[in-house]
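In structure tokens, the next block holds one chain alone, the form predicted on its own.
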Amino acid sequence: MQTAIQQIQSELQGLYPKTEIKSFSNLIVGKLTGFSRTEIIVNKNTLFSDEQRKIVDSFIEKLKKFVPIQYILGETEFYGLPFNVNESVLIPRPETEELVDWIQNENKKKEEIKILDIGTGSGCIAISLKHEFRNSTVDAFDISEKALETAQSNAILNNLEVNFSKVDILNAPDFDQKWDIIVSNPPYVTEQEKTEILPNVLEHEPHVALFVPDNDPLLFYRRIALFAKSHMQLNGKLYFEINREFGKQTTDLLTEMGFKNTEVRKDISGNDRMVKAVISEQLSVNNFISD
């Protein structure tokens, strides 16, 4: 096992920061052995089988091509829960955990609430909220069938019930139900920002879940807000993860559309990252429909 760790560190040297390579080593060895980090140290002289060594070799080759470690392992953790991930879904980010935490803290005294997650991807937001609000009804939309399959597998993995549906929110049908909370982490990276995206993200994570046209960066926020105006309970809350460059523009948009108590929150890195707004009356959406 120690030989495998040294091999990982040697072959990846110069491609990734040392701390990241060390993390890769722990994750790979943990995946192959089931050992915790402490157990890896204690059992460092454990010998790997030929099959385990072949797997290590294949993982290293993928890392050299900058395939994200989460895709290589097929799993990650989000909000303390295990999730399957693959190239049909975005890898859950710590910033999104902060969004879930905001929703959990603001609404923890409520029971039997109805929650909708739009653009669910791996299901990380919907499933985590169902875990926190056990008596709630949680629905989740996504345009991708493969993403929905992954999300459903994650709900089963965590023994939680979430209602997943294939819905294109840009052309959403009408629903005869209303939700107390609507949350979304929609595509928000502009095309011109592609040059700033690392290869492991740009070449492997699904572009449909990442990018939005330069000429309409608030496209999904506007359409989701329109949907929310006719599908939220009075005093319902709308939560978004946002592009750090568009905090004020997003809150201005929501205010213009009649939402109240708009608020921007920063993430742990100090960037504008989350927005909340409240619907205080049922307003007509007709004046806000835009292509």
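The first residue of the sequence shown is number 1, and the count goes up from there. Keep in mind it's a predicted model, so treat the numbers as computed, not measured.
The same protein has a further form, the form predicted together with glutamine, not shown here; the description that follows concerns it.
Contact with glutamine in the predicted bound form holds for none of E112, D180 and G236, as no heavy atom of theirs lies within 4.5 Å.
For glutamine in the predicted bound form, the listed stretch (86-94, 126-134, 140-148, 156-164) containing residues with heavy atoms inside 4.5 Å is 86-94.
Using a 4.5 Å cutoff between non-hydrogen atoms, N185 counts as a contact of glutamine in the predicted bound form. Glutamine is not shown here, but in the predicted bound form it comes within 4.5 Å of a heavy atom of V189.
The closest heavy atom approach of L73 to glutamine in the predicted bound form falls outside 4.5 Å. None of the heavy atoms of L219 is located within 4.5 Å of glutamine in the predicted bound form. Residues of 238-266 that come within 4.5 Å of glutamine in the predicted bound form, judged by any heavy atom, reduce to E241 alone.
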